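Next comes just one chain, in structure tokens: the form predicted on its own.
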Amino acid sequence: MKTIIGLEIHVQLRTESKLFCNCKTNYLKAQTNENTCVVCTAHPGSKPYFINEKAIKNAVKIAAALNCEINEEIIMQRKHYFYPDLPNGFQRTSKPLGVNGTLEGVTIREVHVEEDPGRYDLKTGKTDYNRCGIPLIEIVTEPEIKDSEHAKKFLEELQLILAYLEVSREEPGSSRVDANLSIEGHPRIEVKNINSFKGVYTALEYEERRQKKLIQENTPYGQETRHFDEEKGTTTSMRKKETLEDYRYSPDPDVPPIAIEKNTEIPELPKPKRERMEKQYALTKEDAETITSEKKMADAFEKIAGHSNAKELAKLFKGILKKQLNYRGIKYQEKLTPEIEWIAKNLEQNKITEKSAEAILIEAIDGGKSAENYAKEQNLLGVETNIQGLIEKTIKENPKAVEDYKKGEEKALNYLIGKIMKETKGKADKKTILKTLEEKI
């Protein structure tokens, strides 16, 4: 049974004000209905301001980065539907800004701009209009995604492109996905408002299993819209799926057509950057993927690699740097670059060990300390080479660990290495210790 998947990705654009008024877009920090005016709450007689220029420029950048053909002008329409989160009774949404793009082997059918609706709480029945009118871009794919893994890869690459362009918001809930999935020859199901790219994978996995089970059991089902429960990882029925005709699209008489400046500069994007760095610095594919996972990290690598051993530097970035950033759940910060540069130089010159390098890096991240000053304060400079006697002493004093290692317990060897590293205050070379221990045991 062939699975057919198409995605509609909604991404809030990074702007200070909304699409058709001057209300602020920082809705997560605002009190309920604080960032509103007569325009975004659709008071009778109110008219939209001129369209937010920055939002359109950001949208054009995204369309260009997705290899779309960009149209000459943007034309706004009214998309009619009636929910409490939409005070106008219609959503202003543009005709396609860009068409026929491509990403990860998937055709981008269209890219268009629209207003975000408000937030309706199903449990309390209350509506917050702070989000209403925030500029959105919608990216619609053709139904060419093969499975949930392909969808995950597509979304990860899209997320990386958006981060490189610096045109989208990054707050929780600023990106949402509607996923359309069907089993060939059977009705199409839309899973609505998946609030994270990560959740798309789970939703698609569940929905594919559910539909295939219905087919195997000969249980009839129709086209519908379903809700994704993030906590349970399941979908539940919401309503019958609307068709295009249900929305009654019509031109918006309050917003004239707007000419688009199609010539836009975009930075080197993740995929070509990865491919170039693999060749230029002789990196592995895995090294290049890790280093380019953040633009600021990639920029720092290239700055330092100009006067360092690129392969050894890649080990540092992929190893202790990425480990410490992931542990804290933080992104690379430019202020770390001089500290990383000092650490890389001294590792290369064999003036510090990897253990010392990690301790120095931790202080640079958590305490904002100078790598050089901290290394001198803690006496971390220098590599202990005269460790033969210490290794023999450690073997003699820990017979049980030695016997355990001989029986095949690898953690016993790590225990011995830890003892030696502690005695040398992390200034012994771990590889040398390992090699000597294995020879002597």
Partner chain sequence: MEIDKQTMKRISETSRIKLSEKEEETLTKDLNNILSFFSEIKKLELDKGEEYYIGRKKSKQRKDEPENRKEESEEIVKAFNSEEDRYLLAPKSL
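Predicted, not measured: the structure shown is a model, and the values here were computed from it. Residue numbers count along the first chain shown, from 1.
Just so you know, the form predicted in complex with its partner chain exists too; it's not on screen, but the next bit is about it.
Contact annotation for residue 185: none of its heavy atoms lies within 4.5 Å of its partner chain in the predicted bound form. Under a 4.5 angstroms non-hydrogen atom cutoff, its partner chain in the predicted bound form has residue 255 among its neighbouring residues.
Residue contact check for residue 327: none of its heavy atoms lie within 4.5 Å of its partner chain in the predicted bound form. In the predicted bound form, no heavy atom of residue 306 sits within 4.5 Å of its partner chain. Remark: of stretches 146-154, 257-265, 217-225, 357-365, the one touching its partner chain in the predicted bound form is 257-265 (heavy atom within 4.5 Å). Just one of 286, 334, 171, 73 comes within 4.5 Å of its partner chain in the predicted bound form, counting any heavy atom, and that one is 73. Here is the short version: of 33, 378, 67, 414, the single residue with a heavy atom within 4.5 Å of its partner chain in the predicted bound form is 33. The partner is not shown here, but in the predicted bound form the stretch 1-34 reaches within 4.5 angstroms of its partner chain through a heavy atom at 15, 16, 17, 18, 19, 20, 21, 22, 23, 24, 31, 32, 33, 34.
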